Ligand SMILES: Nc1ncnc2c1ncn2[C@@H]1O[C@H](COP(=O)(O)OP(=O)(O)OP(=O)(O)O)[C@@H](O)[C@H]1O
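Starting off, we have a lone chain in the form predicted alone, written out as structure tokens.
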């Protein structure tokens, strides 16, 4: 399959994967040595791509199996248990028939279903139908350790969108159950990560929470501009287009080096050029407008439920005010209400993951393109 010039909206690898050498080395060490890992960063930075890259690198490792699970769609405790069990059974088996051998005891009282795609050499899916009547949480959570012992291998379970655990009914009880089982497992370790930084921080950084100090906490930073510039220039050249290093740097600065947005904006600019053509500032501005248009429906959906005060608060931050919101001048200019209202506005928008608290108490809009959209189309 031909390499795509730029890739966004999905996990990237191979030709489209960039940098992360230090993070790869650290995750490789954690996975092979059985260290639990918590990966925290804003969305669109590349957590999923990083974890899948390490999973791919460890596929040839004889002693380690990496299992990947996205729990975004899990709305109840047992939906999570079904998804976890199916992912572990499926990804620790070399083929569809083998997984039942690893779980003979586990699937008693179940009628598992296996579905195949009609395409040759295709993947298969497993439906288990686990309920509270068939298995206790401890039985389910112990499955992966049992398989690890049977196969004499170390297993790493990577759970994407793990912040969903905090949204489940009776979440605190569920978290206590997970921690009580997982912390005693010897051959199984976990890599837990998600796209909502605020919720992930609440789960792992609060002393009174079950997952406090569960493992090695990694705060994933943005890829440096220099690496992005090299990547953009080379990928343009690979398709016989040109872009100056200066313009590539401006492109990165516009989206604040957020990986998915760098890829998307670079693609939009690339798509405006014919073979042999050179990118210009005018073309970049056109691409930025296309980026805003592409995300406008999503951004409109995000602001629709906001109060006038909340939207005004976002406008103030987008205009460069990162602190001092209680000052009369700022409150009056943006109609933020009373000083006591400021605290409520901060709290509500942080919970919605629209803004984040940075160093020294400053605030920033979480999504750089959302901020740009507010600056150009709302303010």
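Since we're looking at a predicted model, the values are computed, not measured. Residue numbers count along the first chain shown, from 1.
One more form of this protein should be noted, the form predicted in complex with the ligand, which is absent from this view; the next part is about it.
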property: Selected contact from 164, 185, 92, 195, since only one has a non-hydrogen atom within 4.5 angstroms of the ligand in the predicted complex; result: 195
property: Among the candidates 54, 318, 345, 45, the residue which, in the predicted complex, approaches the ligand to within 4.5 Å (heavy atoms); result: 45
property: In the predicted complex, residue 36 touching the ligand (heavy atom, 4.5 Å); result: no
property: Any non-hydrogen atom of residue 259 within 4.5 angstroms of the ligand in the predicted complex; result: yes
property: In the predicted complex, residue 80 touching the ligand (heavy atom, 4.5 Å); result: no
property: Distance check, residue 30 to the ligand in the predicted complex, heavy atom within 4.5 Å; result: no
property: Output flag, 7, 18 and 223 jointly within 4.5 Å of the ligand in the predicted complex, heavy atom basis; result: yes
property: Candidate stretches 304-312, 132-140, 278-286, 223-231, one within 4.5 Å of the ligand in the predicted complex by heavy atom; result: 223-231
